[in-house]
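A single chain, nothing else alongside it, follows as structure tokens in the form predicted alone.
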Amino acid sequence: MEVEVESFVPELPEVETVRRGLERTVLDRRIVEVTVRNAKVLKGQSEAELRERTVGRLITQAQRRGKYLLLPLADTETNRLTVPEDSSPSFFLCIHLKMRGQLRVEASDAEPGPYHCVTLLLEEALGGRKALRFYDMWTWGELRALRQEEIGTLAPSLAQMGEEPLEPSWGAANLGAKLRGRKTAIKPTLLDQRVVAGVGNIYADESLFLSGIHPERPANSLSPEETDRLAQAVRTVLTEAVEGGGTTSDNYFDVAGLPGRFTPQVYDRGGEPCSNCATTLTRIRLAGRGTVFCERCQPAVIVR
């Protein structure tokens, strides 16, 4: 029998790991050259417009919103790597890895690897250079330079995105408000980026397992205690995965080319024994997504 393997998609922990890597390596560097090898990842933006909006500008921050990376670009003083005090970002590099995208920070003279799409050549104050490269085997990812007012129309999911689950203010009250009135199963509800930002298939499975909630439970059937348990599980699982540099996968690496070290308890482990009780983990298809859970640790509840 052929076993279906769920495709890995970088989620909040993987993208946050990449963001932290960028924060350590590319801030306060000016973009001096742009090379485009595969324009499909520009998603309709012309190569000329990408160059016009990026070359000569400084990367001032590395931000993340859900699964998106946002790098604000500021105009610099003439021939200096300084930004006027009253300056605000002219543009944002808006990047989404999708399924196979990777961002690498490499030596400027290193030959690009396979599936190279875009290189941003970066210069620091002392004259050293690095290359920020975007690779994508399937070219589903995106890299564009957008004005702030363009983000809402050209990246609408950003404008509609729910709250960040790792923010100190997020918790059961926020999650409960989003679940209220939703009759859909809790698993696909968690995948809705308008409900909670950055959670995808991996961490929805892991959070439901940790909280002991069956993935097919209607979202609005969760009790306050269950909602609190789920919110805590989401935060715990995401935090542990960020600390582990993301989930181990053949197609995810950080900016230095290192793989993730987080090992899921249930995701993609259908047919294997549960780490808690040794029951064989069940794999089903739910709203089009592979879903793995333990029937003993996550018992079905009859909702009347």
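Remember, predicted model here, so these are calculated numbers, not experimental data. All residue numbers refer to positions in the sequence shown, first residue = 1.
Keep in mind that the form predicted in complex with the DNA is missing from the display, and what follows is about it.
Each of Val9, Thr184 and Gly200 comes within 4.5 Å of the DNA in the model of the complex, counting any heavy atom. Only one of 137-145, 103-111, 206-214, 123-131 places residue heavy atoms within 4.5 angstroms of the DNA in the model of the complex, namely 137-145. Contact with the DNA in the model of the complex, judged by any heavy atom within 4.5 Å, is made by just one of Ala172, Leu191, Cys94, Ala233: Leu191.
Residue contact with the DNA in the model of the complex: Lys40 places a heavy atom within 4.5 Å of it. Residue contact check for Pro156: one or more of its heavy atoms lie within 4.5 Å of the DNA in the model of the complex. Among residues of the shown chain, Arg289 is one whose heavy atoms approach the DNA to within 4.5 Å in the model of the complex. Of the heavy atoms in Lys98, some are within 4.5 Å of the DNA in the model of the complex. Along 262-293, a non-hydrogen atom within 4.5 Å of the DNA in the model of the complex is carried by Tyr267, Arg283, Arg285, Arg289, Gly290, in order along the sequence. Cα-Cα spacing of Ala155 to Arg147 is enlarged in the model of the complex versus the present form (difference of at least 3 Å).
Expansion of the Pro156-Arg147 CA spacing by 3 Å or more is recorded in the model of the complex, set against this form.
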